[in-house]
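Below sits a lone chain in structure tokens, taken as the form predicted alone.
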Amino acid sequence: MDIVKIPENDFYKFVDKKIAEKSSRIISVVRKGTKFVFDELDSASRMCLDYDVTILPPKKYFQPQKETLLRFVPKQADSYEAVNEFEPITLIGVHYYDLAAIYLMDRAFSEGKKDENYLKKRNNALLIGLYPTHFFKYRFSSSVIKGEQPYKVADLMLIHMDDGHFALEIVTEKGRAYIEGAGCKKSDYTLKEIEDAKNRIKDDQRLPIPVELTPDYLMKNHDHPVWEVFGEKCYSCGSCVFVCPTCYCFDMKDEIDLTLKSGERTRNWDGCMLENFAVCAGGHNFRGKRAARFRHRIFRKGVNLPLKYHYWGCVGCGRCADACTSSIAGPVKVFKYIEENK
């Protein structure tokens, strides 16, 4: 992998140049009050690459909160028309844990019958990753992410260096072509300097057990009191799953215009922590209790996805813990409770 470097000011000028070209939407992290969000740039001056975590993960650009899949005229079967809307985008400043999450999302939407709506958006995206430079109290990514996982989807990786430069790891030929004309120079940093810069921000939290042991560990604790204890405090608001970068559940709705002359089938975010998520025919809810929903969410991250994809289903971003009004959503807190109450 080639490594080049560029002064931070020159990189911002390069981003402004790309915005002016209008060959793709340029999206990066910007401030929103005291928080941070991914948003389209009209100027590189809005870009903030020194952030802790964004409110929502970048998955929203590949699986939108609401997406039209079909348009039709009611009662006219031959009027149904598939909709797949996408455009080229460049995402700048995606933290490595969100890249790891995108890799898992890619796996989920590519298996079996491929989801073309998701894949068209992904295939028309260029991803520029970033290593964090700001502490976030709920993050525990280093406990769960294997080193190569973010590089499976990144095209370029940005690394803040101490001398006012970015080091740029060129991961793909697509990434190499993108930075042509940026004025990058060959890196003269040592491997140690690069690794130190990548890991300058340490996680405050860690899983209390090795991540590879969690499937067996959770199965042995299937009936542990933790599920009832934490479930009792849960509001079933869904905040934890809606901010999660690896949750991809959705609901489908047919929406008819008030004129009754047109309609759309939409795909909307849904979540297993909502009370009606598991309601099926006849009104039966096979996960009607909050404790059952809470356990399912943790098992999906720590059992189901690891067994299926050989990567933990949680990337340790800490968004769920930050969003939870009951302070129970963070996986680290769940595992610590089990360890303390064996």
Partner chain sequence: MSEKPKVAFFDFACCEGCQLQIANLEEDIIGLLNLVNVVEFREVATGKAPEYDIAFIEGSITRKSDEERLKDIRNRSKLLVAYGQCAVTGGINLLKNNFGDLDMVKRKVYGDDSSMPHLDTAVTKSVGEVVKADLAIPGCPVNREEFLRIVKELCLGKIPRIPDYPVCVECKLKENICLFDEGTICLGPIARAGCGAICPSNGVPCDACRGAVPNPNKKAMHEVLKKYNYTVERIIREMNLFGVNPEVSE
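Residue numbers count along the first chain shown, from 1. Each form is matched to the other, and the largest set of C-alpha atoms that superpose within 1.5 Å is called the rigid core. Just so it is clear, the model here is predicted, and its values are computed rather than measured.
Note that the form predicted in complex with its partner chain isn't included here; everything after this is about it.
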- Message: Only one of these stretches, 113-121, 196-204, 212-220, 234-242, has heavy atoms within 4.5 Å of its partner chain in the model of the complex; which one is it?
- Response: 234-242
- Name the residue from L70, V37, C48, A278 that puts a heavy atom within 4.5 Å of its partner chain in the model of the complex. V37
- Item | Q65, S43, N304, N285 - the one with a heavy atom within 4.5 Å of its partner chain in the model of the complex | Q65
- Message: Does any part of W269 reach within 4.5 Å of its partner chain in the model of the complex? Heavy atoms only, please.
- Response: yes
- Message: I'd like to check something about A323: if you look in the model of the complex, is any of its heavy atoms closer than or equal to 4.5 Å to a heavy atom of its partner chain?
- Response: yes
- Query: How about L191: is it within 4.5 Å of its partner chain in the model of the complex, going by heavy atoms?
  - Reply: no
- Query: Does its partner chain get within 4.5 angstroms of any non-hydrogen atom of S327 in the model of the complex?
  - Reply: yes
- Item | its partner chain in the model of the complex reached by all of V83, E169 and A177, non-hydrogen atom within 4.5 Å | no
- Task: Using the arrangement in the model of the complex, list in sequence order the residues of 48-71 with any heavy atom within 4.5 angstroms of its partner chain.
- Result: I55, L56, K60, Q65
- Message: After core superposition, I'd like to know whether Q76 moves between this form and the one not shown (criterion: C-alpha shift of 2 angstroms or more).
- Response: yes
